[in-house]
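Shown next as structure tokens: one chain only, the form predicted alone.
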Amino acid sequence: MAAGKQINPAVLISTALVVLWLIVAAFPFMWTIWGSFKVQADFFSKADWTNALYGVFTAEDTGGPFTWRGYFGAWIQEEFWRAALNSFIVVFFTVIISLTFGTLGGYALARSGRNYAFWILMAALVFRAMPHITLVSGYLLPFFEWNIWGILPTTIIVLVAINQPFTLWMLHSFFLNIPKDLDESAMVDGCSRFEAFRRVIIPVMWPGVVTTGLFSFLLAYNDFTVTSLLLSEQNETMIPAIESFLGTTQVEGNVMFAVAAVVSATVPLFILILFFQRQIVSGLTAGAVKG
């Protein structure tokens, strides 16, 4: 009788560590989703944490173990939908503008072969490494003087300025991995430089564009420093709006509104990543392998 297949201890340990990491990483969000359908007395119960599981106080207040009160309060009562719409506008234009300039600039620098390309990339890297608060503070005075503080377009401009070095570096690395022979063959066939770029290069590196666009999306979507400093209360995006639900030492907030808003803001990220997972993996692989 053949001996049973032995399990490699290293594989077993690594699998256990991955499962443990997934549990630790996923638990806070899953617990937040569950708690978003409870009342505050259950979700933050100090006497018995199982109240958050069974919804004891939720059942007393609403007649059932679950309630939509937090979502109704956030989206309808506090008009969180306005912040969601503002976030969509800011993110959409930030990603489109960043990718447009990043794609053109990354391609030009990758194909230039001049020394100034290196120094431009170094300057972009230094600019990207600076704290956001340092960069934003330089915009505040002129925005106030020109009376353009608090509106979405100026915030989009600043987010593009902060995000552009990252997109430039990332797309530049993708273009370096595409042989110049593709450009030259297209131009031999009668294409101009721009036509070769649009018809030949972009389709080849499309996964890299999607990957860079996703990271640009996350930067603009999750930003707090820029949006909280440059947007008025009427134009605030989701992340500052969630913070305002928590209140201050002078103003009482509603924590369950914030919990429901956190879930509402996070779920689209999971859906987006699941939808583009193949493009993300392809883009990261393309950027990591020289070919």
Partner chain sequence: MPTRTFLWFVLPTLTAMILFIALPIVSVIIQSLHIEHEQVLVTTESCGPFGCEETTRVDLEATEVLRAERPLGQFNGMNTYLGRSHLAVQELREAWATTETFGEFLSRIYNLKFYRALSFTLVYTAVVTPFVLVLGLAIAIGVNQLPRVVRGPSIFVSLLPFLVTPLVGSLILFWMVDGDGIIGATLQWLFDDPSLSLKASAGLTWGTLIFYGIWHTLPFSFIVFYAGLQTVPTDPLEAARIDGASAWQQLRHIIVPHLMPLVAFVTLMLLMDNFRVFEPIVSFSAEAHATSLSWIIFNDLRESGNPLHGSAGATSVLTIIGVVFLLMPVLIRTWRDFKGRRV
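Residue numbers count along the first chain shown, from 1. Basically, rigid core = biggest C-alpha set you can superpose within 1.5 Å across the two forms. Fair warning: this is a prediction, and the values are worked out from it, not measured in the lab.
Quick note: we don't show the form predicted together with its partner chain, though the next part is all about it.
Taken together, the three residues L17, Y221 and T266 all come within 4.5 Å of its partner chain in the model of the complex, as judged by their closest heavy atom.
In plain terms, the part of the chain that comes close to its partner chain in the model of the complex, with a heavy atom within 4.5 Å, is 122 to 130 out of 87 to 95, 68 to 76, 122 to 130, 204 to 212. In the model of the complex, its partner chain sits beyond 4.5 Å of every heavy atom of V188. None of the heavy atoms of V56 is located within 4.5 Å of its partner chain in the model of the complex. With a 4.5 Å cutoff on heavy atoms, V158 counts as touching its partner chain in the model of the complex.
Under a 4.5 angstroms non-hydrogen atom cutoff, its partner chain in the model of the complex has P28 among its neighbouring residues. Along 57 to 79, no residue reaches a heavy atom to within 4.5 Å of its partner chain in the model of the complex. The Cα position of C191 differs by 2 Å or more between the shown form and the other one after fitting on the rigid core.
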